[in-house]
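Before any questions on how it binds or moves, here is one chain, the form predicted on its own, in structure tokens.
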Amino acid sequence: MKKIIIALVMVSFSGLLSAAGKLHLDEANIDLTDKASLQRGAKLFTNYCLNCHSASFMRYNRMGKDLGISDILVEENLIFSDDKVGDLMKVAMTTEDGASWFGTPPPDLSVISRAKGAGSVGADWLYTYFRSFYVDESRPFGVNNTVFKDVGMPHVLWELQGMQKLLNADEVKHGATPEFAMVSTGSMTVEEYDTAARDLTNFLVYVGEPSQLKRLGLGPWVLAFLVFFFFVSYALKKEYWKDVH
């Protein structure tokens, strides 16, 4: 119960912080119906994130089924350890090793999009985070992040994005939109990397609630049933109480 309360407080605080304009977030504009995007996001996650960050609420075969990827393709392209296709998406790194190497154990990312804010806030936070690493020689890994100040991890996607410097650090502290300039180029153009960041964000939002589309699709039917049941119940009530009134 204590952990649940803490998580709810963090979600509420994140949403209030963004709403107050103290943290600049770009709109992710993700689409959970875009399976091609989700597949690309899954590839990015397993190649660049799953080395340190687990997604222990998700199984490889559940992910494959939802994203339209066969078990064979999942095994051949998305599993890089001795895990089986029915296993949870965990990492070999122990909590102790994570704390020793990074200062704190890398968090599980199963519900990271929901932890960073309700609704679209979590997706916007992640999308902006992936695009906001900048060179900072004072940090242990040589990088910092405008969304997550003094982040304790390297910029694992630097080969794709390249490295950039922050031009208006003082203004950003007061809520200004960050301005960056490239120091070195990556294998992707700016537009290509933005798409990759959106795909990875899309995937993490999916992992946070795999049944979200089904839930949203079921919602109107539930509401329609409740309206229908209201009229049936009201008619039944009138029939039972007609002699009293």
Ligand code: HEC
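A residue's number is simply how far along the shown sequence it sits, counting from 1. What you are looking at is a predicted structure, and each value in this text was computed from that prediction instead of being measured.
Keep in mind the form predicted together with this ligand is missing from the figure; the text below concerns it.
Residue-level contacts in the model of the complex: of N77, T104, S81, N168, one residue has a heavy atom within 4.5 Å of this ligand, and it is T104. At the 4.5 Å threshold, heavy atoms of D71 stay clear of this ligand in the model of the complex, well away from it. Within this chain, V156 lines the site of this ligand in the model of the complex, having a heavy atom no more than 4.5 Å away. With a 4.5 Å cutoff on heavy atoms, D97 does not count as touching this ligand in the model of the complex; it lies far away.
Among residues of the shown chain, L109 is one whose heavy atoms approach this ligand to within 4.5 Å in the model of the complex. Picking from 216-224, 24-32, 50-58, 183-191 the stretch near this ligand in the model of the complex, with a 4.5 Å limit on heavy atoms, gives 50-58. Taken together, A42, R62 and L88 are entirely out of contact with this ligand in the model of the complex: none brings a heavy atom within 4.5 Å. Taking this ligand as it sits in the model of the complex, the stretch 197-218 comes within 4.5 angstroms of it through a non-hydrogen atom at L200, L204.
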